[in-house]
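The form predicted on its own is given below as one chain in structure tokens.
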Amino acid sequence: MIIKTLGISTSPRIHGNSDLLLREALSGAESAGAKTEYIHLSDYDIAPCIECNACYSRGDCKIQDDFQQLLKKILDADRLIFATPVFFMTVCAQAKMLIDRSQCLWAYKYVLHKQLFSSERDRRAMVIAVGGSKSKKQFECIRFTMKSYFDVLDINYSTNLFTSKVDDIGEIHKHPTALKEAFRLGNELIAAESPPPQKPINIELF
């Protein structure tokens, strides 16, 4: 079976550091036989959640924009690689808008008590985050936010690649270990045997 792998770059910068690591991770996934697709989130028109709570009765979001198109890609994927820079100790604004719009999935599952999928699927996700700070705490909010997001997506939170003290655009090229780890983890996301890990595999480069 060919494993569909979707990479979402949420960085506002094309060829930013998290973006470059994502591309390496997707190359690693391809080397393991996956069919990959890269998305730069800023190319999509996604409005913020307006907390109208229409999804509590509808099960979907009433705002019509590119969210519906992107959500279909996310739910169709067997593997998801989500890349973000660290802004003020959490995901960037572009990432947060996408995550917040997924409140409709929360309502679908926990208010309307419906299942996203008709049968169980082996879906796994990896998070790539890059921050300029030297603090190890900068990734704590990333973990909590992504855990909640992956829960509503019915996808196993399998892997983290966190890199600190990298800020200037393209600076990740000075850290070949990070690029190699991205490739390796992307490969393992596809090649790893079942069952998925109970807790995310953590690679933290400081």
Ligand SMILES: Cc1cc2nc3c(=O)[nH]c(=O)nc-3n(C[C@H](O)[C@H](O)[C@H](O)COP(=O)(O)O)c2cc1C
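Quick note: we count residues from 1 along the sequence shown, nothing fancier. All values reported here derive from a predicted model rather than from experimental measurement.
Keep in mind that the form predicted together with this ligand is not shown, yet the notes after this line are about it.
Within 4.5 Å of some heavy atom of this ligand in the predicted complex lies at least one heavy atom of residue 88. This ligand in the predicted complex comes within 4.5 Å of no heavy atom belonging to residue 23.
When this ligand is considered in the predicted complex, residue 145 lies well away from it, no heavy atom lying within 4.5 Å. Proximity of residue 138 to this ligand in the predicted complex: non-hydrogen atoms within 4.5 Å are present.
Only one of 73-81, 104-112, 88-96, 118-126 lies within 4.5 Å of this ligand in the predicted complex by heavy atoms, and it is 88-96. Counting a residue when any of its non-hydrogen atoms is within 4.5 Å of this ligand in the predicted complex, there are no hits in 22-59.
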